[in-house]
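Take a look at this single chain in structure tokens; it is the form predicted alone.
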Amino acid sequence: MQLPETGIPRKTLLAEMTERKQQDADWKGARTFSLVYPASDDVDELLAEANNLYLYENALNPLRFPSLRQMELDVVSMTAGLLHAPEGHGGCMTSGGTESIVMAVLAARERAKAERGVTNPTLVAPYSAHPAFAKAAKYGGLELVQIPLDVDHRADLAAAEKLIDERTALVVGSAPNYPFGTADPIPELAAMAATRGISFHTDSCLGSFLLPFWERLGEPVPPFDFRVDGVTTMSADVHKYGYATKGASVVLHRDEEHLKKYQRFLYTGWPGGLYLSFAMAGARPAAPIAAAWAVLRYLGETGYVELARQIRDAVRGFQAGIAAIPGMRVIGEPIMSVFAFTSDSVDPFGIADRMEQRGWCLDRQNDPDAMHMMVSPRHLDVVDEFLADLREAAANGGESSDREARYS
């Protein structure tokens, strides 16, 4: 495609976009289990209004757009409160979990260099940790050292003890991890790091805006946040179970001085004046900040608890139905709404193919081969329909027609 010589009419463009959009996954119909986290129609309407109100602003300069700066501070503060950050904490918003993780890794690298003289750092993270840690290690010049998983699909503590050494700049645990929805042993890993003066990061991009309300429902939640001694940073995605539109995450530091000393970028060595940023981006879209601020205050604690209740009920329905299908099982012990399941008698990728033919978008993963689900409130309405199709797909058996092509 080349730039058109003359402009194309608005109606023509919108019609073409609408036609193309028909190829996309049907998240509004609760047919997808990742990428989009719909809460309700009224939340969608609020998000659209908040986004439109701040569609053109630039969050780079708080002097020109002080309302955005205050909204960012408010979002960080509300997130910190949910995660029991102590007095003196610090944080900022980023574009997503990957950027939050990259900034936490870079801050840990700088701290290790300044406080312990580490010049050839390693990043010690579980095999199940998000690929953003591998990306951060590559970008930041750290060696990624992976902790193997135990039989429960959690970081193996005995192995971790041997891998953490004087080169380690950061130790990582997930609550929960993406592949299995299990939580690593955060208190034990954080203690290993703390006794050596090493930073520890809890990756709770998935859990930060659901686990606090899961706990309020009386469900068991393992220790994962700043109540755990030794946790120095956390990542929390508002655009997942916070239900904001995409582009809204928070990275938190237990100590604001670490945020300022090891994460903040301050530059004056050019003619353009002071340049200051806390994360990777310079110019930043304002809409995700506004949407995050709006939805957090719109839902409040009671709203989030109710959405958590809907998710919990849906998860119970899905998992009970999966367990009732011969040969099928949930992998490990997931702590909330994210889990993988497989079949010991039928190729799981073949089942996923047949489910996709029925309009269900199930992610696939390996080690072991499995299907993956991330449950949102709207899925409560489709539990029975989904399980009926899953029973039929599993009963048909057979191999996947193209394993490599269908793997996601």
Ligand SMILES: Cc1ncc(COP(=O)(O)O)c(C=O)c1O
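Just so we're clear, the structure is a prediction, and the values are computed from it rather than from any experiment. Residue numbers run from 1 along the displayed sequence.
Beyond what is shown, the protein has a form predicted in complex with the ligand; the following relates to that form.
This chain is displayed without the ligand, yet in the predicted complex the stretch 202 to 210 from 69 to 77, 221 to 229, 202 to 210, 106 to 114 comes within 4.5 Å of it by heavy atoms. Residues G97, I101 and D237 are all found to lie within 4.5 Å of the ligand in the predicted complex, as judged by heavy atom distances. Listed residues W293, Y262, Y304, Y178 were compared with the ligand in the predicted complex; Y178 is the one with a heavy atom within 4.5 Å.
Listed residues H130, R154, R284, H89 were compared with the ligand in the predicted complex; H130 is the one with a heavy atom within 4.5 Å.
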